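Quick setup: the structure tokens below cover two forms of a single protein chain, split into structure 1 and structure 2.
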Structure 1
Amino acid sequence: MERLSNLSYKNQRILIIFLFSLVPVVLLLTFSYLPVFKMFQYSFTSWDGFSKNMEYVGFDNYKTIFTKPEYFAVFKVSLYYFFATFVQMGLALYFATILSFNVRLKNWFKGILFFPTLLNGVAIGFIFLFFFKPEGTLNTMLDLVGLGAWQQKWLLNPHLINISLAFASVWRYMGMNFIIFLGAISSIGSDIYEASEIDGANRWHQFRHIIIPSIKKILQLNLILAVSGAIGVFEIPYVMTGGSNGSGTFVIQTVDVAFKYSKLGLASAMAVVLLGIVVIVTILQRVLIKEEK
């Protein structure tokens, strides 16, 4: 009988590596690359998602997207999430820095801050829907602390709706940024802090001259992730408002086109365009950040 141990160590290694990578690679191919390939294919058809025959229409779908301004107008909404990104990163960095020093109940705070990341996005949508209701949590709390005059219809007011939604998004994703920053900050050796303390550096100096330079790479990475996330915002506005009252994003629009109006071809083209935008933004960021050096 063929036994694994009959093979040389090198061949065993190759076999094991091959077997282990087989599973993720097959999963990756079936659930990532094949759908993307299909998406490109569909984007050149006028397929409705059901029909047996797919009509090839060339670049018609792309022409539609780039000639109708209403498809791009929704990117304005992404700006809210883009600015929220900086708030989110700032808060994450702030908490990560504080909690990397000796603080009482350190692990408890870490848990609290990371917790939202573990929740399902749909659940978060519902939580915040209740939070923002006219008689919901936020208004009740404002009333309790004597700020009753600040009560608002948070989702009804067109000036506030996107800020409210972006706030929910910050609450949800900050934990992830926080944990990454925390990891990066923990990797800085304690001797450096000690040395700086002897030189008379206070906490702010340490943050400014030790922490920031040390985690610069991670900051860049988080920024890229956050910005591409801001372009592709979907679940929070979709669950909470369905994109109504001026909170629609490009992805919500894509989903509507595909499933409300059965234009799968056009929706695929929109998805390809979105993919293109994300790729361009990412490359742009990399180039710009590199030049800084």
Structure 2
Amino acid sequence: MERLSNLSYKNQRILIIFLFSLVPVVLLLTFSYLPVFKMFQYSFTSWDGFSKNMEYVGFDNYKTIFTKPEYFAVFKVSLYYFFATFVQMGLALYFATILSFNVRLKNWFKGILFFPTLLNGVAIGFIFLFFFKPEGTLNTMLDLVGLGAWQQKWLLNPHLINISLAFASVWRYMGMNFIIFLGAISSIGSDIYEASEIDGANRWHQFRHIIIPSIKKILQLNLILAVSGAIGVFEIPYVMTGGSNGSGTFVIQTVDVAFKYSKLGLASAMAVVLLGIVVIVTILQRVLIKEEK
């Protein structure tokens, strides 16, 4: 009887574990894998998103994407965000390194740097929309410090608009890189720093020979996430400019094709292409930045 009772108890535990695991698995399948499967399915049709009938067109959507240069021309905009990621990671690593040591008001500075990450992307878009207005905050500050000649129409000048948007992106996402770097650097034992100080190492030597090698994996991870984010950037340029004046990205173009021109089949094919590009770039990064044996 006791063995049966124990067996019954074990079965109950297994059933409870199964039921608790079933909910997230069902949610994952419903809201992640099923939409991806449907996206692949729609990419082979000329569906407009409304009609009940979906005409199968084979690879025509993919042929359209790869034969019309305008669909890939927008990727040059991603280069601004790509180069901005290095500025973003450099600043994040710089502040994380400084604040990992004993400095005054370090917790206050940590909060200030991480705060933009907590804000909604749409809210940040509207903040910088006012910041870059001709009569907005940036031009007003330049005038106050006697640099009125540097005032620009930051979001109206085709040569400056993407730089301005990339700056807003750096301000928003640097906090996440900062907190990841800070956590990695904080995990380095204090005895290693003490030993290096005994050997005469200064802060630069500690950064170069202790910190960088210790967080190499984290650097690679942040680089992969940053480059993937640069390819799929959407929120800030869409809110601030709607993709106008040469600021459109591939994702904004995909959204326009789907909802403005009612070509959901073509837009799905574009999303599949973008997914493939992100996967290829990630694999290339893993191969090129592989750990030395």
Partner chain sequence: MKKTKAVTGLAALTLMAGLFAGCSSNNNNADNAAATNAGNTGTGTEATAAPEGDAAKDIKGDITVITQRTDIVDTVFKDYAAKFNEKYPNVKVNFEALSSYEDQIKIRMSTNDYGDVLLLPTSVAIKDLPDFFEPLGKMSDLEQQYTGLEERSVDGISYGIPITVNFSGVIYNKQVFKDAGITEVPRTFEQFQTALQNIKDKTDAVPLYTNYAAGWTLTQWEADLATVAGDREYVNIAQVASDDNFVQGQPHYDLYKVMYDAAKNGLIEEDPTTTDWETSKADLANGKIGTMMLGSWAIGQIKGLATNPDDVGFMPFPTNASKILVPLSDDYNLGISLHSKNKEAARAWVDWFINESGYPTTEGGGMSPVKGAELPEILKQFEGTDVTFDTLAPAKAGEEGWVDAIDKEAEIGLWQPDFKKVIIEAAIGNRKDSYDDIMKDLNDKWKAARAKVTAAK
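Think of the rigid core as the biggest set of C-alphas that the two forms share within 1.5 Å after superposition. Here, a residue number simply tells you its place in the sequence of structure 1, counted from 1. From a predicted model like this one, the values you see are computed outputs, not experimental measurements.
Structure 1, not structure 2, is the form predicted in complex with the partner chain. After superposing the rigid core, the C-alpha of Thr282 moves by less than 2 Å between structure 1 and structure 2. At Ile17, the distance the Cα travels between structure 1 and structure 2 is 4.1 Å after the core is superposed.
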